[in-house]
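As a starting point, one isolated chain is supplied in structure tokens, in the form predicted on its own.
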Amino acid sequence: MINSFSHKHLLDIERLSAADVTSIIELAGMYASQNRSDNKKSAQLAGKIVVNLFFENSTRTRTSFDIAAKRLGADVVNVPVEVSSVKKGETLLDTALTIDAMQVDAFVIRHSEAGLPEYISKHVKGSVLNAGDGTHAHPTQALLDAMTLLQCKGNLKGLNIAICGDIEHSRVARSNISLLNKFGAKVRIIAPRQFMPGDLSKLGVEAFDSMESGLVGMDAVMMLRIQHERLTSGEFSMSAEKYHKQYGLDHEKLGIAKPDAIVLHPCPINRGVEISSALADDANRCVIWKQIENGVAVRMACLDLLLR
């Protein structure tokens, strides 16, 4: 039974209750089945207009939001930021207000500045979906990861999950930690000192600086890439080869975790850095393609609940 959903915007995981998350994932499950059928499209959002405003590079997230909206029957407008009036000096708010005045129904926004989607949401009539803002939040990624974990493990409560890599600069890590804690999972983070979050004490996780100790007893391992675009000069100087040796995941290190442990990754993958090619391509252990498939279904559910 899908509960009522009272939110106008989807900005982060913190504002969602456990019932909200459950409603999204249950509806996403219905859409996942529809997406595997011959008739993938419906008219749930016929007449609605969804605008994608991506100020950061994206393949998976933008494409899956695009496909999600179209499968629900909505019209989609992808604003090419590189040739928009922002390049002429127009503020982001004025850009959003201009589009909002055209009577659109939703904005999907990705931006390098934390809090920008929330700021826009306070000034426009349309719904705002946060597709990633700085190091703050990526709610739909956490939702699709939770859906994938539930499909593979059956429950989140009591699940032992390690998130490994550049935690400090990762909005994916923060949104996942928030959601997993909400459902009673036990979360560990594994990272070199430079990538440990400054607000570690507030996150409710165990912290390890060694893969050998941190992976013991894990049911799932979530790998993160190094967020080079967010690093300051000289912040991290370890070579890719050394990083892979110490913090990259391969079959040997995964052997430290439980025998049936699965591997997740939000992508893009840097093969030979945070994960070996052999493990990334091992469909028995790595569920990346299931995550990507679930991403369309989760974003369909979010759009449906917000707009219908």
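If you're wondering where the values come from, they're calculated on a predicted model, not measured in any experiment. In case it trips you up, residue 1 is the first one in the sequence shown, and so on.
The discussion below concerns the form predicted in complex with a small molecule, not included here.
- A heavy atom within 4.5 Å of the small molecule in the predicted complex is found for exactly one of 239, 277, 33, 59: 59.
- Looking at residue 138, you'd find a heavy atom of it within 4.5 angstroms of the small molecule in the predicted complex.
- Contact annotation: residue 267 falls within 4.5 Å of the small molecule in the predicted complex, judged by heavy atom distances.
- Under a 4.5 angstroms non-hydrogen atom cutoff, the small molecule in the predicted complex has residue 110 among its neighbouring residues.
- Checking 33-41, 239-247, 277-285, 259-267 against the small molecule in the predicted complex, the stretch whose residues place heavy atoms within 4.5 Å of it is 259-267.
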